[in-house]
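Consider the single chain below, provided in structure tokens and representing the form predicted on its own.
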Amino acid sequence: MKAENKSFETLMGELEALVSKLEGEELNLDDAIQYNEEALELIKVCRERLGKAKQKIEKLTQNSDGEWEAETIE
């Protein structure tokens, strides 16, 4: 399944697993490069998701008339 179709939590779990492999195992150069490339792709997708989520977050504020308004947080 493509990274774009997975949940953020699944992507983070996969990223953590790759980091553990890179930190904890004796890897040959080809495997280390492959794991690093996979990790960078996961990081890219996660950053895109976080950016989109940040744009959707809104803060409720009460105006001077006592009415509640949704304000997008930048």
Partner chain sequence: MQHSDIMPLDSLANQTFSVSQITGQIKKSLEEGFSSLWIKGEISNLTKHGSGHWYFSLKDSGAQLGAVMFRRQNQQVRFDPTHGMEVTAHGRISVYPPQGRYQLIVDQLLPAGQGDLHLAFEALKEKLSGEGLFAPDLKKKLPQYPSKIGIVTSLTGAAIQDMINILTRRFPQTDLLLLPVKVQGEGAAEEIAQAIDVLNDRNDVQVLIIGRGGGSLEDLWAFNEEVVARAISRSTIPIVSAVGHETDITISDFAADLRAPTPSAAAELVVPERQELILQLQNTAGRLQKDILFKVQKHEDRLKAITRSYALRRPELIMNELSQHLDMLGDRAARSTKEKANALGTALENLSHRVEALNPLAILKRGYSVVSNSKGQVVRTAEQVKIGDRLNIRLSDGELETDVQNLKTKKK
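Superpose the two forms; the largest set of C-alphas matching within 1.5 Å is the rigid core. Given the structure is predicted, the values throughout are model-derived calculations rather than measurements. Residue numbers count along the first chain shown, from 1.
The same protein also exists as the form predicted in complex with its partner chain; that form is not shown, yet it is the one meant from here on.
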**OP:** Could you confirm whether residue 16 comes within 4.5 Å of its partner chain in the model of the complex, counting heavy atoms only?
**Re:** yes
Original post:
Quick one: does residue 65 come within 4.5 Å of its partner chain in the model of the complex, counting heavy atoms only?
Top reply: no
Original post:
If you look in the model of the complex, which residues in 28 to 58 sit within 4.5 Å of its partner chain (heavy atoms)?
Top reply: 29, 30, 32, 33, 34, 36, 37, 39, 40, 43, 46, 47, 49, 50, 51, 52, 53, 54, 55, 56, 57, 58
**OP:** Return yes or no for residue 56: a CA shift of at least 2 Å between the shown form and the other one, with the rigid core superposed?
**Re:** yes
**OP:** Just say closer or farther for the C-alpha distance from residue 51 to residue 59 in the model of the complex, relative to the shown form; it changes by 3 Å or more.
**Re:** farther
Original post:
Out of closer and farther, which fits the Cα atoms of residue 60 and residue 48 in the model of the complex compared with this form, where the change is 3 Å or more?
Top reply: farther
